[in-house]
Ligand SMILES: Cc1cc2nc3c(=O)[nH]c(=O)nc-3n(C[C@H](O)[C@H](O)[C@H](O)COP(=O)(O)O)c2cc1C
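Single chain ahead, written as structure tokens, the form predicted alone.
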Amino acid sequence: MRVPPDTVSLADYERHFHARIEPGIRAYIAGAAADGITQQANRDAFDRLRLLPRALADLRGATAHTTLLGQSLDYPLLIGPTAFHKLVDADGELATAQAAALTRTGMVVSAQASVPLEAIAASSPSPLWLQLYLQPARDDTLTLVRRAENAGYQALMVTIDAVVSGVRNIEQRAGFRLPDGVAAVNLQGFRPNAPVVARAGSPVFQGMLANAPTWDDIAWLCRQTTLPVLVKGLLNPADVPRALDAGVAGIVVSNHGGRTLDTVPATIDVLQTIANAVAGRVPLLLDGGIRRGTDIVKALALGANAVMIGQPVLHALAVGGLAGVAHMLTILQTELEIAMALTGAPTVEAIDASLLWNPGGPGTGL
């Protein structure tokens, strides 16, 4: 696949994605929960924030290098976990992982990847983490953990904000179903949730939540592995003490890209409040709405140690395959370096709230 020559930003990849991909797959990848209020808020919140650059800073030796959980990263940017890359490219996650390696970008592999996690690890020397959902049977969760350990994954990221699927009306209207040849191959053979018991007035509570995880399950998982365990999907600062008490090594401020519970806040709007509660005890990551290098600077300024991107990876993979993902990541990395240079921040550590101007902005405390 050839990347169209007018593709110079992540928005261009998104535009070409919508023009090329058939409606059902497009609805699954791009569709939001319910009315899409939170998905739109993720983007709008970044646009409200304004940068306040410092002039004539000493930029000799400038670098975007950082460390996260003791791991060296050339940029404070990771590919976030998204499912079923084979929906848009025959090589699926193998192409994505190879693009990550070419651009020196870390990658979080989804438990719902359409390629075995071992094959993904074998295809790329980039730092790889595994995202997982706690399975109804603990033995199945441990199977994933041991496979990740044996394959060389360097961290585990547990999604905690989707004990049930969100109401995805766009996907429902399109009638999306996984095509033949695309499946969550790493979960095959696992025990499903208890069947739903039909009972008037309770389509969710009867059966679907019988095995819903709790903080005790996170604490149990942390005891089962020497890999650092992060939780993804924390929005309420009241949950921070429970997460830290459970032993997590990092927190991802995420609203699932606006795909689970609609009308929750944009992630960037709650980031600083959560950063205040964490007080530097563990690293903070953020996803949701990142589309520009300036967005990364804004997230770091409000307390994130790094960010993740999800949908843009699938947009680029659909448009240009491996080369498209590598090009998209290079665009974002270059934009970050330009934004750092023009705000007078020679290092990631130099990015703080003094680079923001947004009086009265939601959640910023400025």
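Keep in mind it's a predicted model, so treat the numbers as computed, not measured. All residue numbers refer to positions in the sequence shown, first residue = 1.
Below: the form predicted in complex with this ligand, not depicted.
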| query | finding |
| --- | --- |
| Partner proximity in the model of the complex: His256 to this ligand, non-hydrogen atom cutoff 4.5 Å | yes |
| This ligand contact at Ile29 in the model of the complex, heavy atom, 4.5 Å | yes |
| Partner contact for Lys86 in the model of the complex: this ligand, 4.5 angstroms, heavy atom | no |
| Contact test in the model of the complex: Arg291 vs this ligand, heavy atoms, 4.5 Å | yes |
| Location of this ligand contact in the model of the complex, chosen stretch of 329 to 337, 294 to 302, 48 to 56, 311 to 319 [non-hydrogen atom, 4.5 Å] | 311 to 319 |
| Residue among Ser123, Gln112, Thr103, Thr273 with a heavy atom within 4.5 Å of this ligand in the model of the complex | Gln112 |
| Heavy atom contacts to this ligand in the model of the complex at 4.5 Å, residues of 273 to 287 in sequence order | Asp287 |
